[in-house]
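Coming up is one lone chain in structure tokens, specifically the form predicted on its own.
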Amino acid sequence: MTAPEPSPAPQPLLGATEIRRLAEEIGVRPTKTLGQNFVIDGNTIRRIVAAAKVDPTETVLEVGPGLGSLTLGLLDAAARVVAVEIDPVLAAKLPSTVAAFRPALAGNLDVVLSDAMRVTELPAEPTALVANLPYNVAVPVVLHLLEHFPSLKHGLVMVQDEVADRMVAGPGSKTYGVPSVKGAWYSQMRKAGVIGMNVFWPAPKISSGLVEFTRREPPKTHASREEVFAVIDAAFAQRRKTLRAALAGWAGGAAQAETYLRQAGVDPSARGEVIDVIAYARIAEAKISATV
């Protein structure tokens, strides 16, 4: 019997020594302003890439590649990586880092110097989003990308752990809020793990959470996304108020809000944190029907 071929050794990834050396070469110190915390542990990168379930035919969108820790792991797994980086110094350095550590894959990388909150065009259509996102903009970035890139079918993002809990929360949960409902408009989200603090440089003060998402069709409704999101924003602007009171400004009065809520089959005395995105779509529809 022929012995099975040994599995190829995993490609080396950036560790603490390499990350600090690369940062020193270009005079970069991680800044709180940009939410920069660089991953310095290769096993963590492998864990993230495995959890992302990237197919070898896919084009992956990475936001905030930094010094390239995750980029190298994604290039090993995907056909192409489009990296969006807001820092011009880091964006300029990334291609040479990839050329040094993955010379055979250097042609599979596109670097886009841009703010991920403003990008609406990319050199290739991404099918997956995998990113270590700055904590202060994580939710708006994910929502923006899901809105503007319908080709994104799935993904995995690493965010502050408490942000991860808010993104995946369901109705009735203490952490359910605007991120939960708006995220549910685009996709099914679930928590895929927790990452400790010591695998980053500098180490953050709180653990990170992995959020996995799979795109799905938004609720069937005559209301637009903007109209539904306006209801969501109004409902959570004052969390402790009933929907009748919270939606008064949006509806043109508490009595009118109650009318819309009853037409949508929602209890006017309920609070925003107990209803799902489908109910929010029905509320938006009720107002549209009344004004047609």
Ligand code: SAM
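Throughout, we count residues from 1 along the sequence that is shown. If you're wondering where the values come from, they're calculated on a predicted model, not measured in any experiment.
There is another form of the same protein, the form predicted in complex with S-adenosylmethionine; it is not shown, and what comes next is about it.
Although S-adenosylmethionine is omitted here, in the model of the complex none of 59, 76 and 127 has a heavy atom within 4.5 Å of it. Residues with any non-hydrogen atom within 4.5 angstroms of S-adenosylmethionine in the model of the complex fall in just one of 144 to 152, 85 to 93, 172 to 180, 98 to 106: 85 to 93. In the model of the complex, none of the heavy atoms of residue 260 sits within 4.5 Å of a heavy atom of S-adenosylmethionine. Taking the partner from the other structure, S-adenosylmethionine in the model of the complex has a heavy atom within 4.5 Å of a heavy atom of residue 115. S-adenosylmethionine in the model of the complex comes within 4.5 Å of a heavy atom belonging to residue 133.
With a 4.5 Å cutoff on heavy atoms, residue 54 does not count as touching S-adenosylmethionine in the model of the complex; it lies far away. Checking 243, 231, 251, 39 against S-adenosylmethionine in the model of the complex, a heavy atom within 4.5 Å turns up for just one residue: 39.
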